[in-house]
Every structure is written in structure tokens, then in C-alpha cells.
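So here's one chain in two forms, each on its own in C-alpha cells, numbered structure 1 and structure 2.
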Structure 1
């Protein structure tokens, strides 16, 4: 990312026969790697990025080992990660009531101040009742717990209607909202819970590394319009690939 910005800034200073002969300027591997070596990134900054990722994603054991090996201190108590992951796992396994109780044990203001999160947890609870075939209990829960919230919020009402529609179809595969029963819906709700807990702890809700990766992709796309250069196409290896001429 830093390198791409430097080259974007310095393209006008690169003068070569190849660049003069085409609409795009050519940045050779030698020039690119030389500029790469000129970019100084402190190891401490890289370590903080790694720790941020481990903490945010909940890898408590890895974060603790990395703390010992690198001397990088996390910005929150690692013990709170275990509590947060227990809540996340409860949602992912469909134990919504257990998750709600654990959230309240952690910080009762989280659900009090986040009505959308609380609604989504209640919606997930309804989904789990439907998944378990507890139709009468699901209808009663929807009427008593969710319907009043739908009367106050149009967006909530639409979500309730989609969820209750699951009861109409004997085969949910034919229901247009059948994806609510997919594991991905549990993961979506769990991710929202995780973000809310992190926010309550004054921690970023998203790790910084993925954001930096998105910035790198954006920068390369911008650079593609101006130059041919050694590009990173495989982000798992970060290998540079020579530009096509």
C-alpha cells in the first residue's frame, strides 16, 4: 500500500523508453523493489497489527503467546476475550438465551442501549425454535416478544414477517427466506454480538488487517490505470508478478 502510493506520486519522474511508447508508464521490477526497500515500517507497528487481529478475532491463546514472544501488549484484558468468545460460541451453536445471559453478565448496558442487536438475538431465538420444530412455541414467542417490536419499527416488522414465513412452508427449501435457517445466519448474528461487545470495551469492532488489505486492492486498482508494475495478485503469498508488456 505504501509502495503503491509512492509510485503513484513518483510516476511522472520515471522516464523510460517503454513508458514513453505507451499510454501507461512501465515500472520495472528493479525500480519497484528499490522503492519497496526504501519504505521503512517499524516492527513494533507490524506487531501491533498482528495483536489487533488476534484480539479482535478472539484468538486468546495465540494472542497470549504472541504477547510473550514479541513483547507486544494487548490493549484489553485477554481474560475478556474468553468471555466474549463464549458468547459468540453460544450464538453459533443456537443457544441464544445462554448468549443473552452471558452478555448481561459481561455488561448489561450492551443490550439496553442496542435495540437492534437485542431484536436480532430475539429473531435468532425464533429461528432456532422453528429449526427445532417447536411450532406452537415459535408462534407464541413471535406474538409476545417480537410483534410489539415490529409495531414500533418497520424494519423489524419486515424481518419478523420473513422469519414467520418459514412456518408456512413444509419444505423450507421452497421458502424465499430459507437462508435464515442456514448456519451463515447464526454467524451473522454472532458477528454482530462480537462487534457490540468490542465496542462496549472501547475496542475497534473490526480488525485493521482486512481494512489495510482492502486499501491495498484499491490502491493497486488506481495504479493499474496509470502504470504497468509488479502486482500482487495472490494475497496469501504476497508474491510480486511481473507486469505484462
Structure 2
């Protein structure tokens, strides 16, 4: 990503005004790799990025081991991570009530001051009841807990309708809004909980690595307009793929 920035600069100075945008500069792999080698990155910076990721996502043991091996200091007290992770784990396993009780033990003001989060947790609770086939309970719950949320805040009505609609269908998994029953929905709620707890502890809720990846993708997209170069298409392998002409 740093390299593609450098190339963009080079291109700007080389291209004469008369050559139109349709001509793309070609960068061979040799040249690209050489330029890559010239870019210096500090190990400490890398370590801090990794630590920041582990700590924000809540991998306590990994963070601790990493701290011992690399000497990098975590930017949160690792002890506070355990509580947060228990809440996250509860949501991810579908034990929403447990999660709510744990959050309230951790900090009773979080749910009182995050109506959207509270609503999503209750929505998740309803989803879990539907998933478990406990339709009676689900109906009661929808009436007693979800409907009031809609009364308190109209913005939630659409989501409530979607969720309650699940009760109407026999084959819940394949109905419209069936994606609410996916594990991904649990993960979404868990992530929201994680962010709220981090914010209440005055910590940034997002790790920095994803932002860096976004920058990389953006930079490549920009460079695509001006050059053909070895591109990273697979972000898990980060392999350079030769430019096609």
C-alpha cells in the first residue's frame, strides 16, 4: 500500500499532459518487488497493530502470550477484557439474558444509555426463542418486551415487524428475513455489545488493522486507473498477482 502510493507519485510526474488517461503505465513484478523491499516498516509498529487487534477483539490469552513474547504493552488492562469476552461469548452462544445480566453487572449505565443496543439484544432474544421453537414464549415476549420498544421509539418498528414476521412462516429458515436466524446475526449483535463496552471504558471500539486493509483496497483501486501492476486480490494470502495487459 505504501508502495502503490509511491508509484502514483512517480506516475504523476512522468505523465505529460498530452498523454491521455487511457494509457496505463506498466510495472513489472521485478520493479514492484524491488520497490517493496525498499519500504521500511518498524517491527514495533507491526507489533502494536497486532496487539491492538488482539485486545480489541478480546483474545486475552493470545494478547498475554504476545505481550510476553514481543514485549509489546497492551493498550487496555487485560483483566477488563475477560468480563467483556464473557458477555460477547454469551451473545454468540445465544444466551442473551445471561449477556444482559453480565453487562449490567459490568456497568449498569451501558444499556440505559444505548437504546439501540438494548433493542438489538431483545430482538436477538426473540430470535433465539423462535429458533428453539418456543413459539408461545416468543409471542409473549414479542408482546411484552418488543412491542414496548416500538412504542418508545418508532425507529425500531421496521425491525420488529421483520422479526415478528418470522413467527408467521412454517419453514422459518427459508422465509424472507430468514437471515435473522443466521449465526451472522448473533455475531453482529455480539460485535455491537463489544463496541459499547469498549466505548464505556473510553477505548476505541474498532481495531486498526481493518482500517489499514481498507486503505490498501482503496489505494489499489486508485492505482488501477493509472497503471497495470502486481495486485493483491486475495487478502488472506496477500499474494501478488502479475498484471494482465
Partner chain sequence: MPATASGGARPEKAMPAPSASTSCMGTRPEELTARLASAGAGGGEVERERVRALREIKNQIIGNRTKKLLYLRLGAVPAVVAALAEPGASTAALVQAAAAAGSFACGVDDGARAVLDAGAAGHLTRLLAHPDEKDRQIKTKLILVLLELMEEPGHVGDEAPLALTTLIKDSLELQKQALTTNAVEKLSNHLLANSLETRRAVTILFALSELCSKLEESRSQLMSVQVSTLILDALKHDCEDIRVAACSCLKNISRSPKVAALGVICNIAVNLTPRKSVLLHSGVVSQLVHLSKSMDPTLRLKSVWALRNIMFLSSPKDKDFIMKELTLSTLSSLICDSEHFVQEQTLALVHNLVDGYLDSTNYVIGEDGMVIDAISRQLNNASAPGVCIQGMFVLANIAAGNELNKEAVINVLVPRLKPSFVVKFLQSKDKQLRVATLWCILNLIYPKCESASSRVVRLQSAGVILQVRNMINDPCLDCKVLRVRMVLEHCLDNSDDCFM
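Positions refer to the first chain, counted from 1. Just so it is clear, the model here is predicted, and its values are computed rather than measured. Throughout, rigid core stands for the largest set of C-alpha atoms superposing within 1.5 Å between the two forms.
Chain form predicted alone, by structure number: Answer to the question: structure 1 is the form predicted alone, whereas structure 2 comes from elsewhere.
Degrees turned by the smaller rigid part between the two structures: Rotation of the smaller rigid body relative to the larger: 15 degrees.
C-alpha positional change at residue 221 between the two structures - rigid core reference, Å: Value for residue 221 between the two structures: 2.7 Å of C-alpha shift.
Per-residue Cα shift, residue 39, between the two structures [Å; core superposed]: In the core superposition between the two structures, the C-alpha of residue 39 moves 5.5 Å.
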